[in-house]
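This document starts with one chain, in the form predicted on its own, laid out as structure tokens.
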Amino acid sequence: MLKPEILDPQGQAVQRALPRLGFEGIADVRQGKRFELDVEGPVDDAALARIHEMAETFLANTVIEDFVVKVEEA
């Protein structure tokens, strides 16, 4: 997700369009991206640390984006 202090023109465009489409009551919209990774083997602390490092150094632009690593069972 873009950091809160970074302008999000795509989110603003969606927010402006929602009332015209009949969707009321939305105060703010922020646009983001998502990566889904299928991990080989167990998702232990070492695997999570490696995934976090991957996100921080390759998947996210940490100058303007925040990221979260979340595990979901299949």
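Every value quoted in this text rests on a predicted model; they were computed, and no experiment measured them. We number the residues from 1 along the sequence you see.
Below: the form predicted in complex with a further copy of the same chain, not depicted.
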Could you tell me if all three of Leu18, Val29 and Glu72 have a heavy atom no more than 4.5 Å from a further copy of the same chain in the predicted bound form? yes
Ala46 near a further copy of the same chain in the predicted bound form, any heavy atom under 4.5 Å? no
So, Val14 and a further copy of the same chain: in the predicted bound form, are they within 4.5 Å at any heavy atom pair? yes
Evaluate Ala60 for contact with a further copy of the same chain in the predicted bound form, applying a 4.5 angstroms cut-off between non-hydrogen atoms, and reply yes or no. no
Listed by sequence position, which residues of 29-43 have a non-hydrogen atom within 4.5 angstroms of a further copy of the same chain in the predicted bound form? Val29, Arg30, Gln31, Gly32, Lys33, Arg34, Phe35, Glu36, Leu37, Asp38, Val39, Glu40
